[in-house]
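Quick setup: one chain, the form predicted alone, written in structure tokens, and binding and motion questions come after.
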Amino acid sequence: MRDNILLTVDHVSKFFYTERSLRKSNQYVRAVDDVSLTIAQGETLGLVGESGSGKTTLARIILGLLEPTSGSISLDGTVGAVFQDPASSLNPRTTIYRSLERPLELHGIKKKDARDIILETAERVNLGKELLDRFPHELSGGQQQRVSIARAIMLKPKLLVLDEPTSALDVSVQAQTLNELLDLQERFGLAYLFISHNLAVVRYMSDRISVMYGGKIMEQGDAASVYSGYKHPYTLSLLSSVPPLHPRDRDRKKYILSGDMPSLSGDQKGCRFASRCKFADEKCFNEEPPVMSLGEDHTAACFHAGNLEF
């Protein structure tokens, strides 16, 4: 049993209606559908899944940028955010210093105190003082992302939502940014919700992993058990897409998906993954799979969980 739970997402759903579909209650898109998860103080939960799986929508609900259709969010403390493209999250007409000063100003912090906080935070994230008077276009991608991280931690949140924070960066800069995030977490006890489509990066960063598909959580558990002891066919497909690091693993069994994610509009029946799953049978297409407990803190929503023989 995990202690010091910081964030609880309890059966949260988010349905999007078009103007036309408001007149027909069964016409909507289930972007997030009955999702539950928790994050403890100081831990990282990796949220992984392909584009369109609902990761960013869930993040926006946690940040309070979207209202859930149903369910509840409980957060013990404050939350900050670092988004995918650092350039688009910074005002191109404003200096870096002013971009960092503005949120402190909105929270009623005096200019002198704000300056002390900005200089201290810039040092924490290895952002040189000489960069503070520059504009975003005068910084590299990695430097821009350090600004975004500095802005997110200045008000000392307990949780950071990191939505694809390195996908817009070069590979070498990605590694540096990830290591800086780990260092900040260790020094200040931060909790992270780390969102990515890259399972290798998620494994490197995370204590626990939640695998999302079609607006639902397919599998979740500690990082080692999900990565090495996966129980859901969608997790297996994600792992199969990761290039092997060692030549001896090139001949490993692979489960490559074909086709696209099914429509999420209207009422759904059966498993969301059934149309792309080689293990699916008639029951999978007609009944919602239950969330099965497969060991300590390891669950999967699949009738065939743990029985994925090729």
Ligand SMILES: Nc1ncnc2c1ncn2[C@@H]1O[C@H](COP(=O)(O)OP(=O)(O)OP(=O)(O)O)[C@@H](O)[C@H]1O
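Residue numbers run from 1 along the displayed sequence. Note that the coordinates shown come from a computational prediction; the quantities given were computed from them, not determined experimentally.
The form predicted together with this ligand is left out here; the points below concern that form.
*Report whether the minimum heavy atom distance between D85 and this ligand in the model of the complex is within 4.5 Å.*
Result no; D85 lies far from this ligand in the model of the complex.
*Does any heavy atom of E164 come within 4.5 Å of a heavy atom of this ligand in the model of the complex?*
Although this ligand is absent here, E164 would touch it in the model of the complex, with heavy atoms inside 4.5 Å.
*Check whether A31 has any heavy atom within 4.5 Å of a heavy atom of this ligand in the model of the complex, and answer yes or no.*
Close contact exists here: in the model of the complex, A31 approaches this ligand to within 4.5 Å, heavy atoms only.
*Heavy atom to heavy atom, is E43 within 4.5 Å of this ligand in the model of the complex?*
Flag for E43 set to no.
*asked:* Under a 4.5 angstroms heavy atom criterion, identify the one residue in Q27, S241, T56, Q268 near this ligand in the model of the complex.
replied: Only one listed residue qualifies here, and that residue is T56.
*asked:* Going through 33 to 53, which residues have a heavy atom within 4.5 Å of this ligand in the model of the complex? Please give them in sequence order.
replied: Read in sequence order, the residues that approach this ligand (within 4.5 Å, in the model of the complex) are E50, S51, G52, S53.
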